[in-house]
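In structure tokens, one chain follows: the form predicted alone.
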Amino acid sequence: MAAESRGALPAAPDVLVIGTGAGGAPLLARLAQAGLRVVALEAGERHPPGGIATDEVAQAGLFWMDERLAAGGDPVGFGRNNSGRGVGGSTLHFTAYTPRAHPDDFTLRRDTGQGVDWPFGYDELEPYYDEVEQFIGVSGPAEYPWGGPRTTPYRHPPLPLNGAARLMERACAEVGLRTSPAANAALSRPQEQAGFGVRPACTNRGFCQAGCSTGAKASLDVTYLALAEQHGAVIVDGAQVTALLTDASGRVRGARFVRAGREETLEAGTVVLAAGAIETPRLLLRQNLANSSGQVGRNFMAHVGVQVWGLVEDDLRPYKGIPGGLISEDTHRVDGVVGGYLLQSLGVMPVTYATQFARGTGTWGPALIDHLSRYNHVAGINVLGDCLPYAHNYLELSDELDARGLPKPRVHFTFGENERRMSAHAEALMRDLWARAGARDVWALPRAAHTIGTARMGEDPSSSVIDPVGRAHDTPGLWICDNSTFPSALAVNPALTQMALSLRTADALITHLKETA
């Protein structure tokens, strides 16, 4: 469909999907399989595996680098850290870490009196978790010691542990923390992929965050989007949506977008906004759509993501292997904090590490050169921790305009006391583990990971933007399916949960369209 994406568009598709990441892609495939005429608009370009270079600088095109303004006490880093630009969205550069949320992640307020509960539980998502894991080919252990019940084991055995993972495994054993090979959406053995062909096993190249050059990593371009195109979906790349089209009654009827410097419009029966937790509220706020609750842009969340690094005697080659090979979820609930976090080993590419070290420690000149000369001995470990929704964390439109003449988004973010306690607990634990591993020159990098919230789902239209299946409460013709809809951050990486939600929303939309035909 690549040639078609540059030519004339199908007239009035049944459904128009804006965004091809973890929210848009599975839904697009499901709708196409159901026989619906579907089109997806994607701001970025196609990045086929054969064109992916083992070069961090050359792969900068995978990231959403438009300026986003960061404010607050803990301003969030955007660009390479938190968002993707291309057919496949952020999965083009995600590390493929795919743990499931726990049953109690969905009931945090019920259990603790803080946060917000989801309008459904783990049992509702479990069949979709299972379906996603089987389809994209998640590699993981035969027995996983944490979380809710599973219908089916992981499709493939776990990937090999890299050097940092082996160090973490030994150190955790010393302090009585259980570990397990992590669930990763990268193949430990070849898999036939519908619409794509045979995806090979991972070669342990380790440059997952710069894109996968073989298709072993389950980015959505080689999984759900390939399936969608096989069933007739049209994916239009290089199409930056600038506004939604509405009729006199307020119903959303399509989108206005810019492609190759020209403004175009496309009308559709239904629009699914899957542009992520920054671009989705940005579009809605510009037109004050789906915002009778006043919640569009509110409740922005980002995971606690502090990292700890050190130098060890072993020659680890930290660019080798799947970056997050080992996990511990024994800290899923921690005394003294609401929620908890998971521990994971870290691999790191050289330019990424050099940049983080220089900025994180303020080291420059000969001292920086000396440290980086020992890059092959770098070992990393980090956490992924829950974050409560707060009124002081939100997205708004600024007075500054981007190159297209659109207001730049400004995101206010400050960790609460709960997240500060969580981060301090995690950093102390990781420093202890790395001391036991014999690491020296240990340093920590405080950070926030992922962009979540800003178009919350819920039963009550006065406190949420969409209903529990993804339909806008107050704007006919509009559905939303991305991580802006998460009521809480969850104490796990969001990609797998978002893909499961995408299939669930697709099933609800198909049912809705049949009932209203």
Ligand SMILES: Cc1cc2nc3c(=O)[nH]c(=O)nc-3n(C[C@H](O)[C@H](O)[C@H](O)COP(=O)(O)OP(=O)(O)OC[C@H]3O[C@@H](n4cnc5c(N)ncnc54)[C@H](O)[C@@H]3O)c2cc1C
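Remember, predicted model here, so these are calculated numbers, not experimental data. Note that residue numbering follows the sequence shown and begins at 1.
Just so you know, the form predicted together with the ligand exists too; it's not on screen, but the next bit is about it.
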| item | value |
| --- | --- |
| All of Arg85, Glu279 and Gln498 with a heavy atom within 4.5 Å of the ligand in the predicted bound form | yes |
| Contact residue in the predicted bound form, chosen from Trp309, Phe94, Phe413, Phe106 - any heavy atom within 4.5 Å of the ligand | Phe94 |
| Single option in Ser398, Gln240, Thr246, Asn291 placed near the ligand in the predicted bound form, where near means a heavy atom within 4.5 Å | Gln240 |
| Interface membership of Asn382, the ligand in the predicted bound form, 4.5 Å heavy atom rule | no |
| Contact test in the predicted bound form: Leu283 vs the ligand, heavy atoms, 4.5 Å | yes |
| Pro487: touches the ligand in the predicted bound form, heavy atom cutoff 4.5 angstroms | no |
| Non-hydrogen atom contact Pro13 with the ligand in the predicted bound form at 4.5 angstroms | no |
| Stretch from 146-154, 124-132, 270-278, 361-369 whose residues place a heavy atom within 4.5 Å of the ligand in the predicted bound form | 270-278 |
| Members of 437-456 lying within 4.5 angstroms of the ligand, judged by heavy atom, in the predicted bound form | His450 |
